[in-house]
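For reference, the chain that follows is the form predicted on its own, supplied as structure tokens.
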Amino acid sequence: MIAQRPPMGWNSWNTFGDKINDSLIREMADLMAEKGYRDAGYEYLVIDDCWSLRERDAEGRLVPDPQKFPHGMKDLADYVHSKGLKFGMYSCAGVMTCAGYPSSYDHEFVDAETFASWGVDFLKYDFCHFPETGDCRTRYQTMSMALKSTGRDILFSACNWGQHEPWYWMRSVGAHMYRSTGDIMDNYISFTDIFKSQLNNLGMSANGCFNDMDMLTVGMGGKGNVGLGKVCTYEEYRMQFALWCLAGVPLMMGADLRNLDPRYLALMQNRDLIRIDQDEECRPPYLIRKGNITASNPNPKEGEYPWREIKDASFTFFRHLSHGEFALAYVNMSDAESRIHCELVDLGLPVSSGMALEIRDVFTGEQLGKKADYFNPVVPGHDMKLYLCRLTKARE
């Protein structure tokens, strides 16, 4: 079964944009195999837009740019496969790709056959330059059928940016993951806005088809194709990665793995975080509480209070995992440190149950012991706390 759990891999777009070539992809394949990414679960290596010539050949087929990919795509796919990885490519449901290259509208079956002949295992399928008269659902259905007609297992990554409410129908047309948002940028506001936009759609994922909140920017440090705005701190990048894992969505890295700070390598290979994302039951997190945060107002103007209320700045989530385990998350999206509340009765554990949670901090590994009745940790601004929990008797 394709995409039994949220797909994991690396995509060229966030860092490199159109600056891609054969040697870069081979180098990334080497790094994914040698630096532990493959063994951590990152199996797809995906080339995004800008890989082809501007025109199809005389037979109407897409042609790899011979300057960027002098050995062709079949040879490159074979190399990626030799590293124990799967090979991904990009096309678009419109008449041109987002960067203006030939695309697959009305060419779905010939393009699917071409991709299969090259050994492609993953197709990211974008939505730029889509005709006004076109039918979005039908065209994604058409490419889904075209991929299946090849007889090759190809993961269908449908990327229509959340247009036409794809969470209601992408599974039914055969997609294995679907973009539910616009493009992510490498800054704090972008990834937190994306996460908040999907609060009502976190349940729209299950084995075989997953809500895709876009590729990770963890570790990019403002460098690359989507660097825009203030550079994220380590804690902010940790929040991004942990939120994606908590949501159980695809983990597609976008940083330059050749120059990645070791802290981010360790973060994106954190076994507990990946285990939460890849949990076999694929259950969504349950939003326990969405609240406001009262923050200091150090320079109040006349008539203002020395504090201010930041709306919808804190979130508490609870996720059922397999084998009797749970994830409990406290998210603080404000600038101010805050104590975030969670009464365990809201998790289904009233005091009368006689039960408690045995809690371990995912980030530090610290064992916090039993918590019953309530658990209200202090969370720094632009940060979160994430715990793995098990049920236990409150008193033994």
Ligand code: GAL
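None of the values given here were measured: they were computed from a predicted structure. So that there is no doubt, residue numbering starts at 1 and follows the sequence shown.
Unshown form predicted in complex with the ligand; subsequent notes refer to it.
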ask   = Which of these residues, Cys159, Leu76, Leu246, Leu155, gets a heavy atom within 4.5 Å of the ligand in the predicted bound form?
value = Cys159
Contact residue in the predicted bound form, from Asp279, Asp193, Asp183, Glu235 (heavy atom within 4.5 Å of the ligand) = Asp183
inquiry  = Just checking whether Ala206 would be counted as a contact of the ligand in the predicted bound form - the rule being heavy atoms within 4.5 angstroms.
reply    = no
request  = Decide whether Tyr140 counts as a contact residue for the ligand in the predicted bound form under a heavy atom distance cut-off of 4.5 Å.
outcome  = no
query = So in the predicted bound form, does Phe210 come within 4.5 Å of the ligand, heavy atom to heavy atom?
reply = no
ask   = Is Tyr387 a contact residue for the ligand in the predicted bound form, using a 4.5 Å heavy atom cut-off?
value = no
query = Would the ligand in the predicted bound form be within 4.5 angstroms of a non-hydrogen atom of every residue among Ala99, Cys128 and Met215?
reply = yes
Region of this chain that lies against the ligand in the predicted bound form, out of 42 to 50, 349 to 357, 367 to 375, 327 to 335 [heavy atom, 4.5 Å] = 42 to 50
inquiry  = Within 4.5 Å of the ligand in the predicted bound form, counting any non-hydrogen atom, which residues from 60 to 78 show up?
reply    = none
